[in-house]
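Consider the single chain below, provided in structure tokens and representing the form predicted alone.
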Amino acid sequence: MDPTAGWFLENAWIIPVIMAGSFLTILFFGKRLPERGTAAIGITAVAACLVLSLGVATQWVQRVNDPPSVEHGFDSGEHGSPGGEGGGGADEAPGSPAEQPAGPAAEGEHAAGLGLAAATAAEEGEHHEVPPVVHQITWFQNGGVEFKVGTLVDGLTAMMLVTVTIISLLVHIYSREYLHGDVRFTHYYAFLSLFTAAMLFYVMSSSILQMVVGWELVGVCSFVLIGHWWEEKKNTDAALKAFLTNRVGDVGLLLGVVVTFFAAGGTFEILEINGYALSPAANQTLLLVGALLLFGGVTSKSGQFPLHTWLPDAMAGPTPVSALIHAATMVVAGVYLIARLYAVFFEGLNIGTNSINYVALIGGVTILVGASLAFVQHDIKKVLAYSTISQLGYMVLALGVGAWTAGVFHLFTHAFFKAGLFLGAGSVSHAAHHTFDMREMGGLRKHMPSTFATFVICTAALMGIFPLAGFWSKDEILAGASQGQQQAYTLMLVMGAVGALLTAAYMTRAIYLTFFGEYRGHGTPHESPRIMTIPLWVLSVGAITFGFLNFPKILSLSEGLTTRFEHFVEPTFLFPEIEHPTFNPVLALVSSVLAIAGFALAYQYYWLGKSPLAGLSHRAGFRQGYVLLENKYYLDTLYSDIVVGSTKGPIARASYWFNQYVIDAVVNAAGRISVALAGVLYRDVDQRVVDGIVNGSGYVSESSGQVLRRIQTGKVQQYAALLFAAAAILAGAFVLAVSL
């Protein structure tokens, strides 16, 4: 045991085990219990996990404030080091900090290894190198190599544990009313627990092989929950689309895992792979290939362009599931992968020295694609789904430009206001005759004051309105793009700024169509029960306050009040040296003005009806653009009609024709030639040549025997004469040969 780690850090493995136990309990006994009993099992389990996660976070904060001694950049404790008994031998990994030359920053007791963020921080007297708490057991052996499974707990893990359990707890509570009377209530709660367990297992993984297992478990659970109401074909189609699209990206993920395994010298250990990537001996080409392949998995799982198309269709599942998927589980798994293996991406893509790279570019494109498509949706959940795609683009862009803390901080704040928005959409549907079509809503603010207020708060946070959470995290991303590392990522900054304008505009549209004007739906709308509105208020409080957890260093505030998220969450162990963006008041003002401008344009268009943009979609030159958006940039057409359709249609027919008329013809011709050749061989070679030679040799032998038989007379004189004649012939031949 690591004597410096507390009980919660050492025993964090209990957390996913509790949720797995909840899954099994509900699965086997849920049918015998009333709905309340089934829900109580899941709620109690996830509440216990939240308590344990808060314990983990608290002890990690204590560990950062009072870091343990570290020798040569690695903890020598049993579990605190990959080189310890329970570790994977990271102290032998090529390029570990132990092999790097010492520098001024290494003079501190806990700082070691140039080229690490910890070293720089130690110079500033702020950060010390704090190793994660690693606890591992042998999973299996192959070829004399041990493969381990275990937990890796650091600030990033602790943050994810708290985020996932809070959102999951609120979703569990909310679902009790939302799914009340559902035909598969037990099934739903069972897989909700398994979904949470899979995500918790994933974020605590100590090796990328273990991460792949958690990654796939999350995918299977999402498939089951998206297709919860499988009686309707569109729901099963959506589940299949999500599953298959993610399998496309998983090909890249698996290849990336293989490449990093061999590149790092035959290890799946996360710390060893990061250590290798930071070492001077690292192969740049392998890191680049590994990073790009891993990003293939990120592209599908985290809804990045062009594999984002499954995410809006996944709205076919129950709304609480959408909140869980979009806020804290499946779609952020890809972002977490980049953050966890950041050394591979940072060094492989040269993030520190470039002004553009593939990850940052795809993140920027995804921001614009998601935001533009949200404008033309009538389904409020699909507006939020495209919004999620756009916000995931912000996270990926931030990681791509080197703003690690900004990207992860946006993941954290986004989880709360996006979960609030999705649960708010579910509350609206619950009250408005179970529809998500905004054309059948309107005027709901008078009937649903709590839902309206929380929806507006979460929307303002999403838009980046000061001083809500989204303002601080989004501003930090823009600052990160503006300042970059050695060079500014100017193109990414422009994309992010335009995205801020679009976000404000499409969310203002959604609020107007849902809550303002006259009610256009059926029945009498009403506020949802408190069991549904209380989670909305809890999430809204998070959307208001959590931005201050990484308050920038301004106004001469004490260090104990600023950048706390960065201080406790950003790794200081085997992590690239990155420059942190500083607060830029001009940039913050510009981003706020853009958000307000987006709101003002939408307000003028929908409330006042006097916008110069009125009728834009019908004007010449713009109609085609609107049609392009309505058809989602024709990506679904490309995948469904061209790729899948051509595979099932022309390509399948061409393959069948080729099989029938080319391959079969070749095979048949080969058969006929073989038969003819066999006839020739049998008739002419075997029968006439081979048999002729055999029969001829027999005939010659028999004839010779007959001739020799005649000279065997038994007369000695005759034999002597023959002997003499033979000797004379041989002598003559000998004389002749000598004379020649």
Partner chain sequence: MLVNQFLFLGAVLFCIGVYGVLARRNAVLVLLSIELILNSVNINLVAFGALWHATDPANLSGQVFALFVIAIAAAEVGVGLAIVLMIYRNRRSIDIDEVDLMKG
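Numbering follows the first chain given and starts at 1. In this text the structure is predicted, and so the values were computed from the model without any measurement. Between two forms, the rigid core is defined as the largest C-alpha subset superposing within 1.5 Å.
There is another form of the same protein, the form predicted in complex with the partner chain; it is not shown, and what comes next is about it.
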statement: In contact with the partner chain in the model of the complex (heavy atoms, 4.5 Å), from 705-713, 39-47, 674-682, 58-66, is stretch 705-713
- prompt: Looking in the model of the complex, any heavy atom of Ala721 within 4.5 Å of the partner chain?
  reply: yes
field: in the model of the complex: members of 53-68 within 4.5 Å of the partner chain, any heavy atom
entry: none
- request: Classify Lys715 as shifted (yes) or not shifted (no) between this form and the one not shown, where shifted means its C-alpha moves by 2 Å or more with the rigid core superposed.
  value: yes
- request: Look at Ala731 and decide if its Cα position differs by 2 Å or more between this form and the one not shown after superposing on the rigid core.
  value: yes
